[in-house]
Structures are given as C-alpha cells and as structure tokens.
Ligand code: NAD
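Before any questions on binding or motion, here is one chain by itself as structure tokens, the form predicted alone.
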C-alpha cells in the first residue's frame, strides 16, 4: 500500500513518483510513498498562505498557540518508543540514540511553547509629550523548512515549533531517504489541534519539491539543514527574493587534547564525538589535535576504546554504531579512506566495510582512525560525514590555532584540558559557533546553535530562535493635538 502524504492539512496521494524507503540495517522495505510534485507544492503553499492569514490563527493569543505545542509534546512523549523505532527504521541509528532524539523533539515543542508565551510584549522604545513608539514582532508568513536525514525528528521540530510559535505556517520537505518521522509529526500536530493548512509535509526530490518550494513567491523564509552546496544554492534563491534564510550546514570540527587533559575522560569524549551516529553528524569531531607530549599515551587508549565499540543491528541493545544511511554514502566514505591512503595516511584501525554475518545485509563501516597526514590533506578539509577520525600531532599553541581554524567550516569544536583559563582563552579564539570544553555533543534547547563561515547563517534554538521566524514593526502613537509642525 502506498503511504499518503500531508498536503495542506489533508492526507492524500502525492502526484510525484512512488518512492520506496529502506532499512539501512538489512535493506528491507520500510514504505512506499507517492512523493509530492510541483503541483502539490503549489497547493500546500497556497493553503499555508490562507491558513496563517486567517483570523482564527493570526488573532490567536500566544498562550493558545502554545497549547497546541504542549499537546504535541505530550503526544510525542506518549509515543516515544514507537517514534524511536520508526526513526531507527528510517536511518539506522541505534534505538537508544533515536529515543533521545524523539524526547529532544518533545522538549523542543515544550520550550518554544513556553517561549511563545513570553513574546507578546509591545514595549515602548521612546516616550515624549508628542508621541510614543512601540516595538512588536509579527510572523513572516509561509516558511519553507528543509531537513536532513541524519536526525530527522529533532531537526524537523527545531524548525516547526519556533515557526508555529511565531504565528507562521510551515511547509516541510523532509530528506528523500527519511520521510517517515516527518509524516508521523504531521499526524501528531493534526491530533494536537493545529488548524488545517498550517503544516504540510511533502516528501520528494530536492530538485523538484525543494526547488519549487524555495522559489515560490509566497514563501517568506527558507530554513535549511544539510550540505553546504545545497545551502549555498538556497542562499542565492533567498537573495534573489530578498527573504531571510537560516542555514545549518556542514562541519569539519577540530577537537584539541592538551597535555594536561584527563586522558581517560578525553579519550571517551573523542570516541563519542566522532563515532556516535556512525559519524553522520555535522558536528562530529572529525579532526583531532593531540599534544606531542601525551600523543602516544592518548592514542593507545583511544585505539583501545575504538576497537571495543560494538557495531551492529540498531535494534539490538548495547550497540554503539549502526549502519550508514545507504550504499552510495558508504561508497563515499570508503573513497575518502582510499584518498587518505594515497596521500600517505596510515589507517590505525578500521577503514573497511563490515560484512561478518548479518552485517553483510546492511551498510556497515568500521570506526576508522587515520594518522600521518597534514591538516591540508583532503580528508582534513572535506566533510566525510562518516565514522572517520583524522589525528594530527601538535606542539605549540600558535600553530595549533592556525591549523584548527584553517577550514572553510566553523560549526563546532572541542577542548580537553584541566586548565579552564586556557580552555576559555582558546575557545574564544576558535572560529566555531559551538565550543565544548571537557564534554562533546551536549545540547540545550535554550542555547542558540549555528555556524561560522561556510557552516551556515543564522541561529536555531534559544528563546530568540522564535524571532528568526518573525519580523519587527515599530508603531508610533500620536499623543499631541498637533499632528505635525505644519499644523501649528
């Protein structure tokens, strides 16, 4: 049976080609979905335009919009195990990880529900005997939200929740490979009482659905998470239309181990920072700089921990790493490893596809550590988006900073040191939107997230994240009987 999609608040068959999605763990069929067409995009955007302008939404009090988000959060929490299993089927992440992502999505909805209730403030910015000015924030309108395949449900809620909190309508295009969680969110918001038309979910090719959505004249903001190349293309579209855009793009994040680091803590943090999600994370700590004085001791422990990781079926308990998203992506990761070898890199562990037993049915790649390269090598400069860590030795702080910042990306960075004064000083000099000190991949919905340089534009999350989906208006109230100097 072909699964329907959510167009303008109605469940029906999309007019695009039927596409199948598969479980990366064993290649089995997840679902067949009739994807959206350009005509479906037109209907969804028109419905969204009518819905956000309708008095019953436009005039709805913030606490009433918040109530819908709270209900959605409760429904997600109630279905956490079901949604985690669905997310695992979608992209192959272990169940423990996808359960965390589902709960994160619920937390995001609750957070922006609370934030929504604090935004309805018309604060005077100037008062005089003649006039008073008030600053207010109003919705932008129709939001195009385009999300990636690596953490769908969390990424999707980070766009849907603040956009709805700000009074907008959202047309969501999930990644082609992972539409199931997005369609489940449509069910949840429908059950939560979201008025019809304020959310559409349109699976399909980016070149068809994403392009039609981004270029539509009624779309007033593009919010995108994904690859830098696509982000650059969408930024051009937004520039031509003179509309705002939020872009959360790629990364090649440096992690630094200083000579005074807690070796055990740092080694475990580095392993988690690169190999969780099988390295399929824009924030993965994929470039590791280790001080020469502790290099050998640190590497011994790092390799020991890496070789002890359990790679296996994501539905099995205790698995650290599941499969990569698909065959094409596995081949891309393997090609980067071959590039590293050709450039003189030494593969210290991993570096190959795993095919033992049932692993042969899926797209599993061993956790890989490579040494012997310079920071200028292609595998140190390009985003691999897989379980591949490149290790570099350093001796002086000045050279370290130059190398760590020598990247077109600037999404995240990690520092391991017991000297917090130095960690703070280095952290302030790193060109990255997020810096972790003695931890990695910890998140708070209240902390803004985004990148420097080619890692993106704008910020998601945080209370002010709602304002990314709103525009400010100044209103002047005349207090004098004389409207202007000519009337005197």
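Positions refer to the first chain, counted from 1. Remember, it's a predicted structure, so these values are computed and weren't measured experimentally.
We do not show the form predicted together with nicotinamide-adenine-dinucleotide (NAD), though everything after this point is about it.
> So, in the predicted complex, is residue 278 in contact with nicotinamide-adenine-dinucleotide (NAD) at a 4.5 angstroms heavy atom limit?
Taking the distances in the predicted complex, the answer for residue 278 is no, it never comes within 4.5 Å of nicotinamide-adenine-dinucleotide (NAD).
> I'd like to check something about residue 90: if you look in the predicted complex, is any of its heavy atoms closer than or equal to 4.5 Å to a heavy atom of nicotinamide-adenine-dinucleotide (NAD)?
Because no heavy atom of residue 90 falls inside 4.5 Å of nicotinamide-adenine-dinucleotide (NAD) in the predicted complex, the answer is no.
> Decide whether residue 385 counts as a contact residue for nicotinamide-adenine-dinucleotide (NAD) in the predicted complex under a heavy atom distance cut-off of 4.5 Å.
So residue 385 counts as contacting nicotinamide-adenine-dinucleotide (NAD).
> Can you work out whether residue 176 and nicotinamide-adenine-dinucleotide (NAD) are in contact in the predicted complex, taking contact to mean some heavy atom pair no more than 4.5 Å apart?
So residue 176 counts as contacting nicotinamide-adenine-dinucleotide (NAD).
> Could you tell me which of 249 to 257, 304 to 312, 103 to 111, 333 to 341 sits within 4.5 Å of nicotinamide-adenine-dinucleotide (NAD) in the predicted complex, going by non-hydrogen atoms?
That would be stretch 249 to 257.
> Quick one: of 163, 411, 157, 72, which gets a non-hydrogen atom within 4.5 angstroms of nicotinamide-adenine-dinucleotide (NAD) in the predicted complex?
Exactly one listed residue reaches within 4.5 Å, namely 411.
> Though nicotinamide-adenine-dinucleotide (NAD) is not shown, can you say which of 94, 226, 273, 139 has a heavy atom within 4.5 Å of it in the predicted complex?
None of the other options qualify; the answer is 226.
> At a 4.5 angstroms cut-off on non-hydrogen atoms, which residues of 134 to 173 are near nicotinamide-adenine-dinucleotide (NAD) in the predicted complex? List them in order.
Residues within 4.5 Å: 146, 147, 148, 149, 150, 173.
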